[in-house]
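Here we start with a single chain on its own, the form predicted on its own, put down as structure tokens.
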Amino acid sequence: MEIVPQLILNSIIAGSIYALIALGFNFVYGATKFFNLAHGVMAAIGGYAVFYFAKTLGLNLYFAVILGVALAGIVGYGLDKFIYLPLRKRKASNMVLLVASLGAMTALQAVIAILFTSRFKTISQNIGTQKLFEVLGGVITQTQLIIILVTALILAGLVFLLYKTLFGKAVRAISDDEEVAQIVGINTNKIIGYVFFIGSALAGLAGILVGFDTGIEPTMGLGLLLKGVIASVIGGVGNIYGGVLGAFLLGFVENFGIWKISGEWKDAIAFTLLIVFLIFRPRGIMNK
């Protein structure tokens, strides 16, 4: 097995996961203009929901995945309805919203740890026995191939939603100027609630896919959030295409960066890339 083709495949797989997180994060940020730190924990909620529905209750796996994605979206919608929306009505600053999202993330992680313990768990029944595919000299598992395909479909669906539907036009109007959107009759709070549902559902889907590929733990959302935020920043915060571009750039830089050194340096490489962009191109690759 050649190392370079395998590194390329690993980069694409990592970039796909980061892209799902970045897509949801940018979708929410574009409408609200604040960093929702609770976005990452939605990935853990999605993963643990599938674990509970499929492994504990014995429900059909595909049905459990749908329930997991929906539950993550509902929790995200609930956070907006009961925490962020009241704060926005009181004209709270973005810093207040940021702190509120940090509190929500911490609380939700604690609830997951209480309900399921902090032990590492697996969703897939066939880890280690998955079907393998050889692509250009590299090896990829069936789950990893599904991750890449799902990310491509989600990107296409989100682009269609934003640019070909009335809902997408409303979201883009709110992203441009929320006050003007209200003046022309758009129910901004209702639209933002839907945005939170969709963005959180995407994060939940990312957590489920990670769970099938490697496994789940209560704090998994924090690591995914950090990579998603880094991808969003280097690609362009609030820009859907920029978030995806930044995610794959991050995936390639991480995996090729540890080619000759220990894999423990992967996070350091990611944050070094972030710092470089913050210094030399703070707006990211693609401006909003």
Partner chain sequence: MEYLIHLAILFSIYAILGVSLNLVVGYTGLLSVTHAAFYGIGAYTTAILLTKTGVGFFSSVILGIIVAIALSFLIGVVLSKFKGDYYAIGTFGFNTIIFAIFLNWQNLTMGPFGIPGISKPELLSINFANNFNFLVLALIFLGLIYFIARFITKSPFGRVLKAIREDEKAIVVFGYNTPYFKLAIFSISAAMAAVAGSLFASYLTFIDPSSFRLMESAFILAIVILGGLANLRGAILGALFLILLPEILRFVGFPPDIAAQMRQVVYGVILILVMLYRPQGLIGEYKL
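Numbering follows the first chain given and starts at 1. In this text, the rigid core denotes the largest set of C-alpha atoms whose superposition between the two forms falls within 1.5 Å. Worth saying up front: this structure is predicted, and the values here are computed from it rather than measured.
Heads up, the form predicted together with the partner chain isn't pictured, but that's what we're talking about next.
Enquirer: Which residue, Ala173, Leu145, Leu161, Val99, has a heavy atom that falls within 4.5 Å of the partner chain in the predicted bound form?
Expert: Checking each option against the partner chain in the predicted bound form, the one that comes within 4.5 Å is Val99.
Enquirer: By the heavy atom within 4.5 Å rule, which residue out of Leu149, Ala107, Ala156, Leu136 makes contact with the partner chain in the predicted bound form?
Expert: Of the candidates Leu149, Ala107, Ala156, Leu136, Ala107 is the one lying within 4.5 Å of the partner chain in the predicted bound form.
Enquirer: If contact means any heavy atom within 4.5 Å, which of 239-247, 65-73, 226-234, 40-48 contacts the partner chain in the predicted bound form?
Expert: Every other range fails; the passing one is 226-234.
Enquirer: Does any heavy atom of Asn187 come within 4.5 Å of a heavy atom of the partner chain in the predicted bound form?
Expert: Asn187: no contact with the partner chain in the predicted bound form.
Enquirer: Report whether the minimum heavy atom distance between Leu61 and the partner chain in the predicted bound form is within 4.5 Å.
Expert: Outside the cut-off, so no.
Enquirer: Is there any non-hydrogen atom of Phe53 lying within 4.5 Å of the partner chain in the predicted bound form?
Expert: Phe53 lies outside the contact set for the partner chain.
Enquirer: Contact between Val111 and the partner chain in the predicted bound form at 4.5 Å, heavy atoms?
Expert: Contact check for Val111: yes, within 4.5 Å of the partner chain in the predicted bound form.
Enquirer: The partner chain is absent from this chain, but in the predicted bound form, do Tyr77, Gly168 and Val180 each have a non-hydrogen atom within 4.5 Å of it?
Expert: No: no residue has a heavy atom within 4.5 Å of the partner.
Enquirer: Give, in sequence order, every residue of 240-269 that has a heavy atom within 4.5 Å of the partner chain in the predicted bound form, or say none if there are no such residues.
Expert: Contacts from 240-269: Glu264, Trp265, Asp267, Ala268.
Enquirer: Is it true that Leu57 shifts between this form and the one not shown by 2 Å or more at the Cα, once the core is aligned?
Expert: Superposed on the core, Leu57 moves its C-alpha less than 2 Å between this form and the one not shown.
Enquirer: Superposing on the rigid core, do we see a C-alpha displacement of 2 Å or more at Ile66 between this form and the one not shown?
Expert: False for Ile66: its C-alpha shift is below 2 Å.
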